[in-house]
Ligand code: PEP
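Okay, here we've got a single chain as structure tokens, the form predicted on its own, with questions on binding and movement later.
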């Protein structure tokens, strides 16, 4: 059961204490008070955990400080929308808003390879007014002999260049709890010039100990990539591990499913699940067309497949796009064949803006027709 308090009621106030004390009268029930950053406001929610099926709602609804009481009927206790009764989560990080209404593109390097290429990438992003990027320092790979990323050796120049070219947020994968500590230390040593969203890659989608660690820290938001070979429900439950640890700043990313049904693409594109995830959860939803398609091929209309699948996700309401770019793909140490070129950035950005505008027009039409 979730008890949503009215605006302005914060933890530690008599109003919250009164509700907690009322809940304590019921056996086998514990309470947890959380401050939730909603899409439009910050609010206090009190979670009643345990045997709550027999607890009546009416006594809690009578408190003047309570806005509403929600009986949880779905598995996703922390991240679920619970039949639309709770607000979508949103948060601001480094001056950038992330919510189910916001939209951002994160073009960048799948894997950091050299200061020269990082600087060329960041310079291009600044020229287009883009302040969000991706850059991989740690790279889990299928083969133990493939490039695994430069790790902490590249963090100092990566963060320095991010500050120089005004990149506010970098999405960066981690594969071990020590990586979180290394990123935090490198940021501090560099003078905190940028922000990092910790990315849980598809290979770690069910690394529950890692999910607990990133859920228990509150310095970095978390971008969770759907597991490549597990169900949507299993992936959402993995996000629940993060949220139950206390970190509610989560973005769910669709990146394609591992199945030969998607051939000749690298993965089966699952961007039709964008509205599904937004309906089931309170989380912003990202898409990763580069790792879904996995190659740079041109359709009969002259557009790249990556453009087409990106459009599919955005027209369905995606809030964020991760996409691989590289100044010199032949020098890339990871996924070079799928990376777009710097000179292709303008086309990609303008195409994305066109599709996002169309999505917003679709929302206006719905309101106009009252449907």
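Predicted model, so just to flag it, every value in this text is computed and none were measured. Numbering follows the first chain given and starts at 1.
The protein also exists as the form predicted together with phosphoenolpyruvate; that form is not presented, and the subsequent description refers to it.
225 is the sole member of 249, 225, 282, 179 with a non-hydrogen atom within 4.5 Å of phosphoenolpyruvate in the predicted bound form. Put simply, of 221, 108, 201, 90 only one has a heavy atom within 4.5 Å of phosphoenolpyruvate in the predicted bound form, and it is 201. Per the 4.5 Å heavy atom criterion, phosphoenolpyruvate in the predicted bound form is contacted by stretch 286 to 294, the sole one of 235 to 243, 121 to 129, 286 to 294, 207 to 215. Phosphoenolpyruvate in the predicted bound form comes within 4.5 Å of a heavy atom belonging to residue 139.
Taking the partner from the other structure, phosphoenolpyruvate in the predicted bound form has a heavy atom within 4.5 Å of a heavy atom of residue 173. Residues are counted as partner-facing when one of their heavy atoms sits within 4.5 Å of phosphoenolpyruvate in the predicted bound form; in 255 to 277 only 255 qualifies.
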